[in-house]
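The chain that follows stands alone, in the form predicted alone, written as C-alpha cells.
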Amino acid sequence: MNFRAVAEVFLEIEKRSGRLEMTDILAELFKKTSASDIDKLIYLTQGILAPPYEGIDLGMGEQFAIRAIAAVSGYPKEQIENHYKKSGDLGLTVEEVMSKRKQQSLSSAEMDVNFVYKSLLKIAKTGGAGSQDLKVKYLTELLNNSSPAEARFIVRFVLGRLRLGVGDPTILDALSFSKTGDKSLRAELERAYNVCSDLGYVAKIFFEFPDKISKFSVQPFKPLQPALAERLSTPEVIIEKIGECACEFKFDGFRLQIHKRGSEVEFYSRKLEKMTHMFPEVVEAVSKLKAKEIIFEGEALAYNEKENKYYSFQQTIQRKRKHGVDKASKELPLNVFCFDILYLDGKDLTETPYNERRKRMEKIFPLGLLKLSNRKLVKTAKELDMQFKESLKEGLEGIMAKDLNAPYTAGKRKFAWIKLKKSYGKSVDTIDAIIVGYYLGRGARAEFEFGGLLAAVYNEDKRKLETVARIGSGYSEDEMRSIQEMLEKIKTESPPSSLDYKMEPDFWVEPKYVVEIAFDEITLSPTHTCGERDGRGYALRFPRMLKMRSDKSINEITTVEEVIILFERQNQH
C-alpha cells in the first residue's frame, strides 16, 4: 500500500471527533490493505513499531528532528524552531516548510507502507557511537521522499506524538468492520489481543487465517494484558457481590508475569516491559521448575524471611536498574508470591475457573523464592474482615477477594478480583491517576521550576481522560527536582488528544506517568471534568502525591466509575 494514501486517511481522521466516523474511515483503509502490510499499518496507526515488550524505541528528540527538517527543506534551523514555537506541532511545521521548501530533491520515489516501516525500524535500531547523527541522516532521507502530508506524520511518529486520537478499541472495531461490516468479531479480536498484547500480530492472523481468531491461545513470550481488579468499599458489599470467595493478602510489590520455555526465562512488568535482568536470583529459581512451559503471575517483594518483614514498594522498586543488580539482590532479597497460573505445558488455562487454577499452582509451588500467595476461603463478611485486619497486622496494604469460578480476565477490569485496601475505611483514600500536565513553581518553589501536577482518570464509557485533581503537595525537594526533569522531556505544546479538560497547566505532557494520590474526600467542582454533569465534575479535596507508580501503565489508572463509587460511599458514611 502506498504510504501517501495512508497519510491522506490520517488527515481525514484528524478532522473527525466521533469514534464511529474514525472506525468507518479506518475500516475502509483496512479493506484495501494486504495481509503482508496489515501488521505494519496497525503498528503505525498505534504510533509504535512493535508491541511494548519488544522494547523498540525510536529514541529521537525534537532537536534531532529539527536538524533533519532543516537539512531536507533548506531552511535554517533557527527558522524551523521559530515556526515550531508558533505552531506547537513539529508535524505541522514540517508540512508547511516542505510545501514551500527552497530546495527540491533530485531523486525521490513514492514510498509504500513497508518501506516507511522498515526505514523507521532502522532509525530505532541504530545505536552506538555516532548513532544520533545516523538517525538524523536516515530521517532526512525518509523526509526527502515524502510529500508534505507524509512528512507531517513521519515527524510526529518519530517524536512519539502521532495525535490521531485513535485508540486500540477503535482499531479493533475497524478490523471487524473491514471483514463483516459490523462489530460482530470485535469480542474475539479483543480477546486475542488481550492474550498476546500484539495488535499487529492479531491483525495479520485475522487477515491470513480468520478462523484462527476464535481459537486464539496463550503462548510463551507473548505476554498477556494483566487482569485488573475492581474496587469495593466494605467486606459486606464484596460478599454480597460474589459470595464465597478466596481471600489473598494484597502485596504492594512489583507485579511480574513470568514465562518459561525450556531453559529460556523472561519476566514482564504490568506495563509489559521486560524486567528479567533485574531479578537474577528469581531467574535461577524459575529455571528449576519441572514444567517445560509455564506462564504464571506473582508479586515480587523484598522480604526478610527471618524477621517475617515485608519491605515497602519504594524499597523493592530500587531493584529496577541495570547496574548493581547483584549487590541489590543481596541487600534486598526477593520472594515472588505466586497468585495465578495462565499456561502450563501447552494448555491455555485462562478460561479455567480460578479455583482450579489455584489447585494447579499448589502442585508446583512453593519452590525456594517462589512462594504461594497467602489464601483463605471465606463465606461471610466477618471472615473477610478478619483476613483484612490480619493483612494490616502483617504490614501489608489490604486484601484481594477472588471469585472462585471466574476465568482469568486478561486486560479487563472485572469483579473476578475485588480489592479492599487499608485506606478505604478511613477519611483518607487513594487513587491512581495519569499525569497530563504540570505547573511552574512560585514563591518558595520558584527555584524548582515545579509547582504541582494536573492529573486525570479514565472514563471507560467515553474512552476519554478527565481531570480530577491539581496536586500541589506531597513532594520532597528531591522529588520536585526529579519530577520536573522527568516531565520536561515529555512536554507538548497542546493537550493530549484523549483529554477532556477545563483547567490548563503551565505545561502539557504526554500521558505517560502514573501517580498515586491521597486525598481527604471527593467533592463536586466546576473546574474538573471527571464524570461531569450539569457543569460540575468530581474532584479530589486536599490531594497530595503519595508516590510515583513507575510499575503501572495508563491502562491501570482509576476509572471515573470508581471515583463515583468512592464519592457515594463517603456520603453513606
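Owing to the predicted nature of the structure, the values given are computational and were not obtained by experimental measurement. When you see a residue number, it is the position in the sequence shown, counting from 1.
One more form of this protein should be noted, the form predicted together with a small molecule, which is absent from this view; the next part is about it.
Of the candidate stretches 157-165, 451-459, 394-402, 284-292, only 394-402 contains residues with a heavy atom within 4.5 Å of the small molecule in the model of the complex. In the model of the complex, none of the heavy atoms of F296 sits within 4.5 Å of a heavy atom of the small molecule. Remark: Y438 does not count among the residues lining the small molecule in the model of the complex, judged by a heavy atom distance of 4.5 Å or less. The closest heavy atom approach of S373 to the small molecule in the model of the complex falls within 4.5 Å.
Residue contact check for D198: none of its heavy atoms lie within 4.5 Å of the small molecule in the model of the complex. Screening F279, F388, W417, F177 for any heavy atom within 4.5 Å of the small molecule in the model of the complex leaves a single hit, W417.
Of the residues Y343, F339, F153, Y75, just one reaches the small molecule in the model of the complex with a heavy atom at 4.5 Å or closer; this is F339.
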